[in-house]
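Next comes just one chain, in structure tokens: the form predicted on its own.
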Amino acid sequence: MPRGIVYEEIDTYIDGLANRGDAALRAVEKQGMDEGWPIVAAAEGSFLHILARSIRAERILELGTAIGYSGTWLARALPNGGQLVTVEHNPETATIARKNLEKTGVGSKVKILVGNAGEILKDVKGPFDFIFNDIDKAGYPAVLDPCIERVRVGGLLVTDNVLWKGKVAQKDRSKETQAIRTYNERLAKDPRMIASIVPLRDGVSVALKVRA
């Protein structure tokens, strides 16, 4: 029987083949694992990098900075003059992220905004080429429309944890599970977007904006 989203041995195989970047990025990954931070890990980080580079993203928005691991993957996909705007709720965590982003060589490309993502989004102007949503799961529905409005036509809205350990397909009624279900269903039905879910790690939604 499957364990989690995919068979454990397949998950291990994918992780073993994942590009982990240079020593600086591997150090941030190790920090995340050792200290229990909710980072995306290498297989998903490299996937984000590939997606951002594939659409030649020059302006990226990230909701949920954590310690700067996914932000490094995204910022490294940017050309010279590109910018990553990343939002972190916790000021202390934002300080850790700033240090890590400097260590990985992308500090000059990154602007960190500290506060509640839903509130900060009100003052953040689009368009963005790429938006990565990885905030507290209960907050997903509230940021969906603001994210869609701020991504350009032809741009991507990518969202983490959309399968939530498989609970979205089960009868679980927790606040987080219901919020993710609502987010996934609204995104799937939105005529502005074409969305697909990739069963990588905890589920990654990739949505292309096809019309304004």
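Everything quoted here is computed from the prediction, not taken from an experiment. From 1 onward, residues are counted along the sequence shown.
Quick note: we don't show the form predicted in complex with a small molecule, though the next part is all about it.
> Only one of Gly126, Gly107, Gly115, Gly82 comes within 4.5 Å of the small molecule in the predicted bound form by heavy atoms, so just point that one out.
When the small molecule is considered in the predicted bound form, the option within 4.5 Å is Gly115.
> Go through Ile148, Leu187, Ala43, Ile39 and name the one with a heavy atom inside 4.5 Å of the small molecule in the predicted bound form.
Of the candidates Ile148, Leu187, Ala43, Ile39, Ile39 is the one lying within 4.5 Å of the small molecule in the predicted bound form.
> Is it the case that Gly64, Thr93 and Asp136 all touch the small molecule in the predicted bound form, with a non-hydrogen atom of each within 4.5 angstroms?
Each of the three qualifies.
> Can you check whether His89 is within 4.5 Å of the small molecule in the predicted bound form, heavy atom basis?
Yes, His89 lies within 4.5 Å of the small molecule in the predicted bound form.
> Does the small molecule get within 4.5 angstroms of any non-hydrogen atom of Thr159 in the predicted bound form?
Outside the cut-off, so no.
> Can you tell me whether Phe130 touches the small molecule? I mean in the predicted bound form, with a 4.5 angstroms heavy atom cut-off.
Output for Phe130 is no: heavy atoms all beyond 4.5 Å of the small molecule.
> With the partner removed from view, which of 167-175, 49-57, 151-159, 64-72 is the stretch that lies within 4.5 Å of the small molecule in the predicted bound form, judged by heavy atom distances?
Correct option: 64-72.
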